[in-house]
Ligand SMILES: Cc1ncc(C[n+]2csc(CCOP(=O)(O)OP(=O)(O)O)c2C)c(N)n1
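Below sits a lone chain in structure tokens, taken as the form predicted alone.
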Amino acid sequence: MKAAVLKKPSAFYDKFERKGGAHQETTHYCPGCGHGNLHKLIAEALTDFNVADRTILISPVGCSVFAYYYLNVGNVQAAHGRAPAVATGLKRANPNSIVISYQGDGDLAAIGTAEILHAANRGENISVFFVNNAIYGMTGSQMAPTTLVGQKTTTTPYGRKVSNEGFPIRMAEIISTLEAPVYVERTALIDFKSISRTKRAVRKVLQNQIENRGFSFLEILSPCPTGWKLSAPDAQQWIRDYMLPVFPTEVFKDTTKDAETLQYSHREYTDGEVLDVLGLSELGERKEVTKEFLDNFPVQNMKIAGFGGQGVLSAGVVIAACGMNENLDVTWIPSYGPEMRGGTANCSVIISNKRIGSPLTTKPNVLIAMNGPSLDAFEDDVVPNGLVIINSSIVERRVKRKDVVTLYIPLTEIASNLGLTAAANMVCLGAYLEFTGIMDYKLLFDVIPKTIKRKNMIETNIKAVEAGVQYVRENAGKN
């Protein structure tokens, strides 16, 4: 006789090792919280459908982040409200994955309203679980978009007023008006009957994605006893008495049977096609380099900073293009103020012989400071033994640290002597490549004509590179 074995679904961790420390046996759930119920229902469905190993759950901000600790699936934490946008990228890049956006009312219906509406309108083949407890549960029980009229919260101590805060937003009703979604339902977690209905809805939302039916959305009314300052039974009754009249539980849209199965195709793109799409094809073709060069290349985590108009961002593009032409992996990401000229600007450039995990340089081993504020801002971030190049034409002080290599070069003065002050950035790049020897400075001669828009300035910029090289050869040991 076969005995039934009652245990947690395999998609739910037995021990919560992701929590670390001494709390790997307990959960974060407050007594009576609906999140625990919903996590269990999702884990059961993923286990029964045998898709947990290809599931990615996106948890943004709020109590939803705790899903990371408990569900034995892939997990990505998104910025506040951005889960549907992240889900879109993940699903399109990994069409065979099961992508879940798990969000609260403050996250989805407030800061994330645009993301959820546009994802739904596009009919993205994702599963969205929307937990509605009428407040910001994690951060202090403030008013949420779903807070009821008259409901008291920490930010509406006298109750929500229509004249001041407007009406509660009914997300299921709104999303059901769009053409693309195939399934939209609202359920609750207040008794055995409602939990059973939620279980069926959870399975349908996931089944739709497994069968490539399209966008499915489930809103769940969930008790928050702690945030509401009620006992667990009273919180369930509060949903019956107050939330259900405003947020009725029903199926608002179900066109699953009529929905065409989405077809996915995969195509490998050549390097040339990728460069064409990114507008980088004009920077040249990668040349053959030796394995020894690639294996021994020292990763360059660069921060190039200065005033707007000093060519800081274009210097980053040019040096990154040099690395790309040497078959190295590169990233370039800018940061600048709103001013066209005179504001602050900097860019992170990474040139590596390995895959780059993040384009942001927080611990540079190369800092190029074109002005004083840039040196003040980033000097302390440079790693020990890193290189700091200072535009001594403008920067008056010396580097305070003794554990970095410094080059003081009158970049602006050298460029001015060539008749083009704006070429100070090319003077710097020439000096940088000559001093470090990581790449041949003559690479710049190939890249500059393809990146300088004003063709009458190409020759001067090339001369600026040569001037930087010459300065290092004559003065590098004198700093």
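Heads up: residue numbers just count along the shown sequence, starting at 1. Quantities reported herein were computed from a predicted structural model and do not represent experimental measurements.
The next section is about a form of this same protein that is not shown, the form predicted together with this ligand.
Visitor: Determine which one of 60-68, 438-446, 413-421, 46-54 lies within 4.5 Å of this ligand in the model of the complex, judging by heavy atom distances; exactly one does.
Guide: That would be 60-68.
Visitor: Counting non-hydrogen atoms within 4.5 angstroms of this ligand in the model of the complex, say which of Gly106, Gly311, Pro168, Gly323 makes the cut.
Guide: Spelling it out, the residue with a heavy atom inside the cut-off is Gly106.
Visitor: Quick one: of Ala377, Ile394, Val149, Met138, which gets a non-hydrogen atom within 4.5 angstroms of this ligand in the model of the complex?
Guide: Spelling it out, the residue with a heavy atom inside the cut-off is Met138.
Visitor: Quick one: does Asn133 come within 4.5 Å of this ligand in the model of the complex, counting heavy atoms only?
Guide: Within the cut-off, so yes.
Visitor: I'd like to know if Ile111 sits close to this ligand in the model of the complex, meaning any non-hydrogen atom pair within 4.5 angstroms.
Guide: Although this ligand is absent here, Ile111 would touch it in the model of the complex, with heavy atoms inside 4.5 Å.
Visitor: Hey, in the model of the complex, is His80 touching this ligand, heavy atoms inside 4.5 Å?
Guide: Within the cut-off, so yes.
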